[in-house]
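Let's start with one chain on its own, the form predicted on its own, as structure tokens.
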Amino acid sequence: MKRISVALTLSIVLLLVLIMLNLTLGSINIPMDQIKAIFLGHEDANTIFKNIILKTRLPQTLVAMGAGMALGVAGLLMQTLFRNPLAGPSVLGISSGSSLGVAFVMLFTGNLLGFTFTSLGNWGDFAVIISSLAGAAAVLMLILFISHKIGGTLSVLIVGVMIGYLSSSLVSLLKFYSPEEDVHNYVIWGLGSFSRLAPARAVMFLIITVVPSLLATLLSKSLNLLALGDRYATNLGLRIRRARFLIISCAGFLTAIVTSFCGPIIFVGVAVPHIAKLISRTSNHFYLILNAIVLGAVTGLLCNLLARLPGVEQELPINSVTAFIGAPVVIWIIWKRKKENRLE
């Protein structure tokens, strides 16, 4: 218990440090005294610095925190449900469904109506978010229906993967028949970004990711039982189908929200749960979820900071950074499992 408390405390301290670094560092470095003056509302605050902080860096920081914690929790839920250390938020095809919804708006309707939605400004952004949510919701409803009717964790996993392949196939067809400009816009969306939301939307995004992430702790008892295996969980009184439905609903909602607002973010949902387990050294999912929330936010902020590369004007696609953090973790998992099998 002491180790868990210390780990959580250090993670929170690191989170606060990264929040300040995200506000201060970038193509223009802003002094701490100016940041203090901006948030305290002092009249001597630099107007340029104030615009940079309030209109760009603060929204990015909030979105990075929300996306990181949501994907971290969703990944932990999926890895426990499927008992697969490489499972992530996208394993059920929800991200692919979201991408298909966006492709329909950017590619298909662009050909049909003769203009691109990206040329409509805020209305175009709104159309992309709605279409992404609709695609993710459709896949999530299908997965939940299959989970209720068919049952069986493996069956749900296989169907989710097949839905992902089917969505990717349809997206490829839309790309093939679409103009180059529309395909380019879609590819840019698919690279992921934490900088697409205005300040008000960023606050809203943080709220709708923090609340369900915290509510996921209510599933900790079911997750603890599922980690023992379906047979043991059933003998101990757990209603497997109901627990699976709630877990998939929570993870699916978090994944859909992040994908809709930020695009498909890779590797974070796979890496964060393992980092949480490594640091906390516990099998109690109540503490694992709390650690995943904090460490997910830390990972999101770290990726956002690296994507901006302090001193460089052009911002990198967020997925090019998350791969550098997530891929080594996945390789480490495979290496560790192979080493454990040799010892056995």
Partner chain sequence: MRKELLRIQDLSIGYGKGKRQSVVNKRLNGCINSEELVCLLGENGAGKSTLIRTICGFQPALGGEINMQNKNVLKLSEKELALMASVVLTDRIVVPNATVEEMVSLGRSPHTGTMGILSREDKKKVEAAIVQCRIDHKKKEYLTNMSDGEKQKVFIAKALAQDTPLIILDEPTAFLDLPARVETIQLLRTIASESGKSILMSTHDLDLALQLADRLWLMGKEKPLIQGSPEDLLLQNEFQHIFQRKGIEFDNETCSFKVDNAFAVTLPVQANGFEFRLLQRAFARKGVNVVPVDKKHDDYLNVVDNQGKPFELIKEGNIVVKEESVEKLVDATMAFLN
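Positions refer to the first chain, counted from 1. Nothing here was measured: the structure is a model prediction, and the numbers come from that model.
Although not depicted, the form predicted together with the partner chain is the subject of the following passage.
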property	result
The single option of 201, 175, 184, 221 touching the partner chain in the predicted complex, heavy atom within 4.5 Å	221
Sole residue of 56, 283, 46, 27 within 4.5 Å of the partner chain in the predicted complex, by heavy atom	283
Contact label in the predicted complex: residue 155 to the partner chain, heavy atom within 4.5 Å	no
Distance check, residue 145 to the partner chain in the predicted complex, heavy atom within 4.5 Å	no
Distance check, residue 149 to the partner chain in the predicted complex, heavy atom within 4.5 Å	no
Contact flag, residue 179 vs the partner chain in the predicted complex, heavy atom cut 4.5 Å	no
Stretch from 188 to 196, 255 to 263, 136 to 144, 229 to 237 whose residues place a heavy atom within 4.5 Å of the partner chain in the predicted complex	229 to 237
Heavy atom contacts to the partner chain in the predicted complex at 4.5 Å, residues of 12 to 51 in sequence order	none
